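What follows is a single chain, given as structure tokens, in the form predicted alone.
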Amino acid sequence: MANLYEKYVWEVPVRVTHWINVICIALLSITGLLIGNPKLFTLSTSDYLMGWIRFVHFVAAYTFTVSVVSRLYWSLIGNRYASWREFVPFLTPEGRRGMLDTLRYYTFVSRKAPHVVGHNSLAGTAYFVVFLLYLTMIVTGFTLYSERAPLGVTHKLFGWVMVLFTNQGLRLTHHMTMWFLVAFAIHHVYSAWLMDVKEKGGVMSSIFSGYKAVRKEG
């Protein structure tokens, strides 16, 4: 007979970086849209509105970068559910089977919901892609940011990207990646809610408390 018990899954750094990323992506998306398509909200240039919008964008960008780097570091020293191995399940036969089983459930081919303690295999792979999108946003964003100071430190770190890609190509990539992340966020909330209802494991609340309800056979 199966029952449930609470298990500590998501450590504090995982939860903190998760919510920092949520806030930063929201701020970066809103301010980024305004920077890419500026509107006239004031009657005087002394109001410095666009300057403040750019300032919020840059502060959020630095904060987001620190958060992503911190999460990557924690994937090396955290518990098994925070480990980088959770994001590459496709490297093992068991992980690939898990991806297929989860996909069958998401596409309504199977009625059996996968019950895993950490990320399911399909979610882990999706997060791997998301982190690639994060890195794309960081590199393209700081490369564009570095243009303001051709002799600055940022330009020395990211200026080489301008040799490989045009300015407009970088802007388009930066903009498109934002929409990919927005689309992922919508699906992420839906799938987390779905698994919370079907698994009854407290998926939604676990990102606040760190605890999930896990099945125990007995």
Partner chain sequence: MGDSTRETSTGAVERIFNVSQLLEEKGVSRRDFMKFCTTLSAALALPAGFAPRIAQALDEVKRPTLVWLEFQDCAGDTEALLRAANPTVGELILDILSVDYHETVMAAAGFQAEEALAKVVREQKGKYIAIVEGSIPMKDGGVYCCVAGRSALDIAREVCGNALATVAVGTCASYGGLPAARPNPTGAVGVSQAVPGAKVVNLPGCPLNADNLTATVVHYLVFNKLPAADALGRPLFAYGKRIHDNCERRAHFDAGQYVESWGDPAHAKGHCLYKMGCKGPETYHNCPTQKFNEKTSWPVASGHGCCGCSQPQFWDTMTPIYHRLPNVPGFGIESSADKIGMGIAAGTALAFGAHGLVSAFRKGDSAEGAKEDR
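Quick caveat, the model's predicted, so the values are computed rather than measured. Numbering follows the first chain given and starts at 1.
Just so you know, the form predicted together with its partner chain exists too; it's not on screen, but the next bit is about it.
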- Among 119-127, 103-111, 134-142, 71-79, which stretch sits within 4.5 Å of its partner chain in the predicted complex, heavy atoms only? 103-111
- Task: Tell me, yes or no, whether Arg85 is in contact with its partner chain in the predicted complex, where a contact means a heavy atom of each within 4.5 Å.
- Result: no
- Item | Contact test in the predicted complex: Val182 vs its partner chain, heavy atoms, 4.5 Å | yes
- Query: Heavy atom to heavy atom, is Arg15 within 4.5 Å of its partner chain in the predicted complex?
  - Reply: no
- Message: Would you classify Arg96 as touching its partner chain in the predicted complex, given a 4.5 Å non-hydrogen atom cut-off?
- Response: no
- Answer option from Leu33, Val66, Val161, Val59, heavy atom within 4.5 Å of its partner chain in the predicted complex: Leu33
- Message: Is it the case in the predicted complex that Tyr5, Ile186 and Leu194 each bring at least one heavy atom within 4.5 Å of its partner chain?
- Response: yes
- Query: Can you tell me which residues in 125-154 come within 4.5 angstroms of its partner chain in the predicted complex, by heavy atoms?
  - Reply: Glu147, Arg148, Pro150, Leu151
